[in-house]
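In the block that follows, a single chain appears as structure tokens, in the form predicted alone.
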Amino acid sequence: MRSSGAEVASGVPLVVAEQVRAAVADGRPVVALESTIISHGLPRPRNLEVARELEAILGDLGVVPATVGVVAGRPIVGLGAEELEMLATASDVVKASVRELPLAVAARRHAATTVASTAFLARAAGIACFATGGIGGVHRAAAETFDESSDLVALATTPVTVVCAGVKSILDVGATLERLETLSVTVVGYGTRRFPGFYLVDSGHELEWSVESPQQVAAVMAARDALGLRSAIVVANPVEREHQLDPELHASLVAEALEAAAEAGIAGKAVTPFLLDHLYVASGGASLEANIWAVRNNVNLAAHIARAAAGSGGPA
């Protein structure tokens, strides 16, 4: 069953799965998941396997999963099994950040949601917690190109809690942290004062604040809401050390990827997928496995944070 109990805009109903709507109404824990990783981030058929696994992790912890996507122009929070499979297998799924949402809706397209659009739609449905792999950020050479992810602007204006493994390590991590500060986005390390680097435990950048438990994150969320702030909380949760990509290998592969992109004249939106694909091929798939482990780790933590925020406890 579906419910259109919330609206993104006048005349554009936000379709909320009944189990998600009921859990939000009852104050039970819900965690949103993005769909870009399903449609564009992982190879087939691994993408659908991982999508189902992430939902199962949440379900096993007593948390309602709410994977977000757009199906035939309908923004959906809580994709059904058939909808999830369609976004994982269809060849005509576009990638939609917030600015592309009205285009996808008007054209009745299938679309996978990014961090920005997932956060926006999840919040519209009343969901407070969201898990992903890594958020977007400021690209290298942004001083010349002005290239930075719209994730940053969305996080500045959307009061959700995003559990991630930092930003993608192919980006300018230091500049991203500076932009997050400028945009008043709260950033806190989970069990660390070192900002993680997606595939890496440590990006080389220090954090001023850290927390040690899901309950502490829930307290930060409550304080943010009590203060009336409208920005996100980014919980930087490093991938487990045994699952990170070897730091020396990572450094050499990123340097090679950047050189290859420059030689090929790759620019704009094409840079990130080009670099990630180069890392995947050059690492023999090791970067993909580190990515998947990071997402699993983030989904697990997000479940415990959602439970704590709902008053149903943290880790068993």
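Start at 1 and count along the sequence shown; that's the residue number. Worth saying up front: this structure is predicted, and the values here are computed from it rather than measured.
Omitted from view is the form predicted together with pseudouridine-5'-monophosphate (PSU), to which the following refers.
- For a residue to qualify, one of its non-hydrogen atoms must sit within 4.5 Å of pseudouridine-5'-monophosphate (PSU) in the predicted complex; none of Arg74, Phe120 and Thr158 qualifies.
- Stretch 149-157 is the contacting one of 78-86, 224-232, 210-218, 149-157, since its residues have non-hydrogen atoms within 4.5 Å of pseudouridine-5'-monophosphate (PSU) in the predicted complex.
- Proximity to pseudouridine-5'-monophosphate (PSU) in the predicted complex, defined as a heavy atom within 4.5 Å, singles out one entry of Thr176, Thr114, Ser203, Asn237, which is Thr114.
- Interface residue remark: Thr67 is not counted as part of the site for pseudouridine-5'-monophosphate (PSU) in the predicted complex, having no heavy atom within 4.5 Å.
- Put simply, Gly189 is far from pseudouridine-5'-monophosphate (PSU) in the predicted complex: not one heavy atom of it is within 4.5 Å.
- Ala286 falls outside the set of residues with a heavy atom inside 4.5 Å of pseudouridine-5'-monophosphate (PSU) in the predicted complex.
- Although the partner is absent from this view, Ala282 stays clear of pseudouridine-5'-monophosphate (PSU) in the predicted complex, with no non-hydrogen atom inside 4.5 angstroms.
- Contacts with pseudouridine-5'-monophosphate (PSU) in the predicted complex, taken as any heavy atom within 4.5 Å, map to no residue of 233-256.
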